[in-house]
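Heads up, the chain below is alone and in the form predicted on its own; it's given as structure tokens.
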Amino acid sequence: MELESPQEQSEPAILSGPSDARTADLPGWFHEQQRAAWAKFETLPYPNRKDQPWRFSSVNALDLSSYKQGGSLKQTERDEILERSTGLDAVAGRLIFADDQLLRRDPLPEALLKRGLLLMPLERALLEHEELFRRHFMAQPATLGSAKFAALHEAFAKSGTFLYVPRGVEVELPIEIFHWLHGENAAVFPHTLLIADDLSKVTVIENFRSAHRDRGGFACGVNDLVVGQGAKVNYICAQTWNDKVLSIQINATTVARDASGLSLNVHLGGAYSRFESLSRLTGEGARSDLLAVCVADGSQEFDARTLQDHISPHTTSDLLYKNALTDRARNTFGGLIRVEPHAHFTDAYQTVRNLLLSDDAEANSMPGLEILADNVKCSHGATSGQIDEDEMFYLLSRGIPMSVAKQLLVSGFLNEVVDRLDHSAINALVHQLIEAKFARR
């Protein structure tokens, strides 16, 4: 186990630009890349609700003026966060961050180290694996609306996870990562770069949590997931920010020939949370599964935008998003299946289901198809509805309280998505997080 010592850090506003002092120990090419990204951020306009990628979104929530870079944590604060960083009982490796500072890294098993598995902080990978890092870091453009925020992330990104799984290596236990927001109005820019070489296999779960329920914050994260030929990657995002956090998460997954990439995104927290997912199937036989569950209450707003991009023939993608909304919560989904020219025999699906638990809840779904090849099988659909009255009557007639009955029905509604991930320990954890959300009501 490695413990990182606290470092003295100032707390400038993020809109004043990145501070070279915070990345003084990193190479010059990375500084230049960050300066170029900051110039791009300043040039790009803020989103407008009239823009198609931001249709139905509350763009007024994207005011960044109050957020600042996190300062150093006291030892007592670090110890408390480490104690609360609980998730899975058995993992292959674990990294814990708070306000973009590494608090702890648990060592990998000796057997995996001997086989070449790499799990380390981003700033270390910059120095020790520069060629591999530069080839894949932010390699996919943000095409779903958040290019400005991707540039902001690139300008500030310093902390995060670098994971490389060598050819033929199968990591049986999951890799677990925690990202915590601690300081008042702190901004974090978590980055995960996962490279799974040919015929490898790995499962990663990232937990996004708030150390305090009453402190605002801003999270702007990016994931680069590279799935090599014949490899299999499962990625799980468990987002439970508090209800004062503004969150933007941009995911890019590239799936090569005969490979499989599955992502399960669990969105429970945040005042406004936008999630963008780009999945590119670049080799024949590639498969991508995009799964998500969302439970929103109060005035929470969740905004999901996706692109299933079929570049090669004989590829498969399947998207299943389910959302349960109550009170004045809002959800927006905009998704596109795109079949590129010559990507014949594509098999693609897109399904969105919204369960409205109150008259004031709102769901907007915009699925779409863009087919530029022949001999394809593609379908999309979106539905919104309420709890079945007969099912509710059945539970109430057996003495089950209304609140418990509603929770049971919502859990049953979401189970179809969660159970698509064939991992009992992670499934149980996801169900616990959903139950904890209901318990807070």
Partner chain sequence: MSQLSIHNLRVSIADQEIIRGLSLDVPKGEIHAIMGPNGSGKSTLAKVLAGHPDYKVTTGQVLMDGENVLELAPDERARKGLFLAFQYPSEIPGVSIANFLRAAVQARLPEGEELEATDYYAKLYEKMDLLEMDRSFTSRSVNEGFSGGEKKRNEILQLAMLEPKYAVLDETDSGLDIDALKVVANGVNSLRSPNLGVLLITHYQRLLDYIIPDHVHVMVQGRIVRSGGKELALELEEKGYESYETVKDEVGEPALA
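A quick note: this is a predicted structure, and the numbers were derived from the prediction, not measured. Numbering follows the first chain given and starts at 1.
Beyond the structure shown, there is the form predicted in complex with the partner chain, which is absent from this document and is the topic of what follows.
- prompt: Hey, in the model of the complex, does residue 391 get a heavy atom within 4.5 angstroms of the partner chain?
  reply: Yes - in the model of the complex, heavy atoms of residue 391 and the partner chain come within 4.5 Å of each other.
message: Against the partner chain in the model of the complex, would residue 377 count as a contact residue? Criterion: heavy atoms within 4.5 Å.
response: Answer no; every heavy atom of residue 377 is more than 4.5 Å from the partner chain in the model of the complex.
query: Any of the heavy atoms of residue 384 lying within 4.5 Å of the partner chain in the model of the complex?
result: Residue 384 lies outside the contact set for the partner chain.
query: Might residue 398 be said to contact the partner chain in the model of the complex, defining contact as any heavy atom within 4.5 Å?
result: The answer is yes: residue 398 has a heavy atom within 4.5 Å of the partner chain.
Contact residue in the model of the complex, chosen from 372, 402, 39, 61 - any heavy atom within 4.5 Å of the partner chain: Partner contact (heavy atom, 4.5 Å) among the options: 402.
query: Since the chain is shown here on its own, which stretch among 28-36, 410-418, 61-69, 42-50 would lie within 4.5 Å of the partner chain in the model of the complex, judged by heavy atoms?
result: Only one stretch passes the 4.5 Å heavy-atom test: 410-418.
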